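Shown here is one chain on its own, the form predicted alone, set out as structure tokens.
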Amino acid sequence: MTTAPERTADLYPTRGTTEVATPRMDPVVWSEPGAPGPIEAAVLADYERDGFLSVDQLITPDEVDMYRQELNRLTTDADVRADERSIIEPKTDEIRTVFEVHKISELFADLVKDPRVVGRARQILGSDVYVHQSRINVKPGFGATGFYWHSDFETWHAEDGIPNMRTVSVSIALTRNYDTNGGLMIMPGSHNTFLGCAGETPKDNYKKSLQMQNAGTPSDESLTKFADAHGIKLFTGEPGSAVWFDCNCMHGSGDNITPYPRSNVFIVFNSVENEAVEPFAAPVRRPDFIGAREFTPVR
């Protein structure tokens, strides 16, 4: 187990008395031009501009069935439900999220190490990577709540101590993403501005924020400016499709009031050259299963 070093200089202030917009001070794509990897140069350029890229079929239909069965096994397991790594949906009293699935499940551990997955992370971040966070998200039909607009980096910087924007997420669909069942929305280009949010971080904020976010939430005025400047992209796709997105993208998802569930596996890769330090705007670290303190590269 590796412990985090002390805090470094804070390039992205947040959780103060007022909102503060800071221009991005880090690259979006960290690898050298022409560096080998599974992402074509033109697609990588689009990622740099927009902050995201989508893949129509990252995993095969047979693999989707395998991972969906594993998701169902985990979310119906009484021991998993009782584990602190499971987050319960307030409205339905069902499991909403299970964290650290790459440590709970051998199947999801293998997915993290899959070259189709980790290869893209290495290419974007220009280094070896470790898993900062992994989880399965379950958004069943008829009332599952969404996730309000936010930048992941704002939370990971404030509460987990990630210093720089050298982190990328992938969301792999295990069910069909319709335009009506609470799909992922991103504001293209929003990753180039860091919005430091107003308000202090409560102690043990993660216990409430994982069900309903409060601290780290942008104001309506700022969100309107971001949406006017960047627009909103809604992602749809078949099971097995995937979306890669930069840690600072402004994104969110709506409630799912349709009969059609939306489930995905979500993996966050951080550069081994960007290890988490002490939190920049929180009294204590979040638990390791939410923000890793073990920085072993994925092999």
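This one's a predicted model, so the numbers in the text were calculated from it and none came from an experiment. The first residue of the shown sequence is 1; numbering continues from there.
Beyond the structure shown, there is the form predicted in complex with a small molecule, which is absent from this document and is the topic of what follows.
A.B. asks: Exactly one stretch in 51-59, 258-266, 236-244, 37-45 has heavy atoms within 4.5 Å of the small molecule in the predicted bound form; which is it?
C.D. replies: This holds for exactly one stretch, 258-266.
A.B. asks: Taking 4.5 angstroms as the cut-off for heavy atoms, does residue 132 touch the small molecule in the predicted bound form?
C.D. replies: Result no; residue 132 lies far from the small molecule in the predicted bound form.
A.B. asks: Does the 4.5 Å heavy atom contact test between residue 152 and the small molecule in the predicted bound form come out positive?
C.D. replies: Residue 152 belongs to the contact set for the small molecule.
A.B. asks: Quick one: is residue 253 in contact with the small molecule in the predicted bound form, heavy atoms, 4.5 Å cut-off?
C.D. replies: Contact with the small molecule, yes.
A.B. asks: So, in the predicted bound form, is residue 164 in contact with the small molecule at a 4.5 angstroms heavy atom limit?
C.D. replies: Close contact is absent here: in the predicted bound form, residue 164 is far from the small molecule, nothing within 4.5 Å, heavy atoms only.
A.B. asks: Is the small molecule in the predicted bound form near all of 137, 147 and 184, within 4.5 Å of a heavy atom of each?
C.D. replies: Yes, because 137, 147 and 184 each have a heavy atom that approaches the small molecule to within 4.5 Å in the predicted bound form.
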